[in-house]
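Here's a solo chain for you in C-alpha cells, the form predicted alone.
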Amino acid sequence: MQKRAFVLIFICLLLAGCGKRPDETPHRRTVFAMDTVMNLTVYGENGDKALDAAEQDLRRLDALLARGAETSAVHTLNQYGFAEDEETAALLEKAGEISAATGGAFDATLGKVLDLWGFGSGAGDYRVPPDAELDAALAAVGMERVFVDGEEIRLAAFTEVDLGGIVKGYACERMFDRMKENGVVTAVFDLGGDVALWGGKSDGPWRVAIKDPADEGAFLGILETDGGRFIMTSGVYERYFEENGARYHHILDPKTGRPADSDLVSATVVCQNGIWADALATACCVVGADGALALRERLADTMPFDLILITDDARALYTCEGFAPETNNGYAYEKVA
C-alpha cells in the first residue's frame, strides 16, 4: 500500500482589502508539473504575465531535470554517464556542496537505490530489495562520483543521479526571478505543500498554518514570517509501502540505502534559499531530531535556517520565533534556542 502526500502547509492569505488596490489584485493558476499539483498566486497588474513566465519555467525545468523523461539532461547523464548542460551542472555542484555540509545525509546519487525500492523514476513497483542488490547499488552512491567541468558532467560507472530532493526548491527560486522581472511585489507558490513566499503583504507578515502530519484536518500552529522565505517539509508518511507487516518509507539513508531509521516523522525547514531548504528537510529526516538541531547550529553562520520537527513520540520541537503552537492536540511543544 502506498500513501500519497497530504498537503502539509496551508497558506492563510490575509491580505486586507484584497482587490481594492492594484498591487493586491490576485491572479491564480494551477499547474501540474514535477508530478505535483502546484497552486501559484501573484498580486499586481502584471500578475498574468508573471504567471505565464513562471509556468513556462516550471515546464522547462520539468523537461530538463526529470529523471524519467527521455529527453531530459538527467536522463541522458544517467544513460550515458555524460551530459552537457550548464544549468544541470550548476545544480549538481550545489548538491555536492549540500551533501558535504550535511555529512552525506543528503545525496543526489541515490538513483539506482531508489529504483530498487520502487521509489525512483518507475515508482510503483514496491519491494524490499535483496541485500546483494542493495550492496551493489550502494557501491555507486556518493557525490564524489559526480564530476563537473563547466557545463560538462560525467558520472562514475553505474552511478545515477536523482534531483528530486532539490528540484522544487530550485524551481521556486527561478519563479522568484520571474516575479522580479515582471515587477510583482507579492506572490505565494504552493508546490504540493512546499511553499515559497515572495514579497510582503499590506497588513503585516505572512501567516502560514503548519499542518499536523497525523491529521490532515488539523494543524500544529501558525507561523508568522516575512517574504523571501521557503518553507519545505519532508516526512516519512509521504510515500511508503507495507510488506509482511513492516512499513518502508521513501526517505533513504545514503549510508545504508534503507529507509532512514530516525526519530522524526516530519521536518519543516524555513530558509531564505530554496535549494537548501528542500535538501535540508530531507537531510534532517535522515539524521533525526538531535542531528537536525546540531546541523542548524553548525550552519548558523553560512546558511541559517529554522526548524519545526515532529518526533515519533509526539514531541514538536521548533526554533522559529514567529511560530505559535496550537494547544490540546496531543503534542508536547518545546521551543529550542
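What you see is a predicted model; the values in this text were computed from it and never measured. Numbers follow the displayed sequence, beginning with 1.
Omitted here: the form predicted in complex with ligand AMP. The next part is about that form.
Taking the partner from elsewhere, S234 is found to have a heavy atom lying within 4.5 Å of ligand AMP in the model of the complex. Proximity of D190 to ligand AMP in the model of the complex: non-hydrogen atoms within 4.5 Å are absent; the residue sits far from the partner. Although the partner is absent here, C271 sits far enough away that none of its heavy atoms falls within 4.5 Å of ligand AMP in the model of the complex. By the criterion of a heavy atom within 4.5 Å, M175 is excluded from the residues contacting ligand AMP in the model of the complex. Residues within 4.5 angstroms of ligand AMP in the model of the complex, judged by any non-hydrogen atom, belong to 236 to 244 and to none of the other stretches in 236 to 244, 182 to 190, 147 to 155, 204 to 212. Checked against ligand AMP in the model of the complex, the residues L40, I308, L65, V286 give one hit for a heavy atom within 4.5 Å, which is V286. Comment: ligand AMP is not present in this chain, but in the model of the complex one of L92, L116, A105, A196 has a heavy atom within 4.5 Å of it, namely A105. Along 252 to 269, a non-hydrogen atom within 4.5 Å of ligand AMP in the model of the complex is carried by L252, P254, in order along the sequence.
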